[in-house]
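We've got the same protein chain twice here, in two forms, each standing alone as structure tokens: structure 1 and structure 2.
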Structure 1
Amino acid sequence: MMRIGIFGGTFDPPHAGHKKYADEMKSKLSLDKLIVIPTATPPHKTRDSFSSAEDRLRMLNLLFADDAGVEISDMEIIRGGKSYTYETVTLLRGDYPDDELIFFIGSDMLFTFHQWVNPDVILDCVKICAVSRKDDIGEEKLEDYIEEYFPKDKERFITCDFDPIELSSTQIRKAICNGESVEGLIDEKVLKYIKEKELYL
């Protein structure tokens, strides 16, 4: 049986923080594989991505080109429309019926999990790992939330502290648009691609 992590996001663009989190996910949870899934249209976002789905896929493949433990999936992009987690994890459960699947979300997003579409279906398919950044949201608050909304499914939740990373795709897009340097914040191959395609200008 494999232990497989699922790391979704817009990744517009993917940056050094995403790479660091991916490395920590694999290490801290002893994953055999990490599936990275760029969303088509996130249901909680009100506008489309700043770059195309094809560009985001290409940048992710460049970022993880040398990492045999990471697989980039275009399943949500192929499906199109709004990307609902329950649909994605149901398909993945069908692909990996005998393996342990762990879906990563930010601890701040966990507090809205009861409002997601079909959270019970999600919990039937995967375990949820709430990624809390140190000094961010206390583990006690996370446990209180789980106890309040999912008392019968407590074993389906994992909490994991990661070192904080003060970096966001929004910050990088703004810097590129303003002509500021993003050296060290983004992989060299990804940055070269952004420049060649003149993204975020």
Structure 2
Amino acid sequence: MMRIGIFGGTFDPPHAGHKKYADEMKSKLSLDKLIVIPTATPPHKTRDSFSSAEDRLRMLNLLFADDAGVEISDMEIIRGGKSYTYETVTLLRGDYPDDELIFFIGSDMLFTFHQWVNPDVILDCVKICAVSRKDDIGEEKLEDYIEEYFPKDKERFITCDFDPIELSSTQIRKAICNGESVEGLIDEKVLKYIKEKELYL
């Protein structure tokens, strides 16, 4: 049996917060494999300041180029339309019937989890691993949420001690657009790609 992590997101662009999350959980949870799944371009995010599915796939491939066991999947991009997590994890459950699947989310996403489409289907297919994105959100706040909304499914959630990098893709897009430095906030190869393709200007 393999233990497989699944990391979904827009990744526009992928940044140091995403990388830290992926790296730490890979070792803490002893993952055999991590599947990173960028969403299809959402219809409301078609403005010029957002990058294409192809660019996001390229940036993720650059970011994880040296990481054995990381697979970048285009399954949501190929499916197109709005990327519903319950559909994605149902497909993955079919591909990996006997393996342990753990879906990674940040605290911002956890706190909306009860409003996602079909959270019960998601919890049937995968465990949810949640970490803090902000210094003032500790593990207890994550556990309080789970206790309040999913008391019967507590064992389907994993919360880990995590020292967050307070950073978002929105912040990076804004900084690049304003000509501010994003050094240290984003991988060098990814930054080079962004500059070459003149993204987020």
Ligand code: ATP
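Keep in mind it's a predicted model, so treat the numbers as computed, not measured. All residue numbers here follow the sequence of structure 1, with the first residue given the number 1. In this text, rigid core is short for the largest set of C-alphas that superpose within 1.5 Å between two forms.
- In this pair, structure 1 matches the form predicted on its own, whereas the other structure does not.
- A movement of the C-alpha atom of Leu92 falling short of 2 angstroms is seen between structures 1 and 2 when the two forms are aligned on their rigid core.
- Relative to the superposed core, Glu148 undergoes a Cα shift of 2 Å or more between structures 1 and 2.
- Relative to the superposed core, Ser107 undergoes a C-alpha shift of no less than 2 Å between structures 1 and 2.
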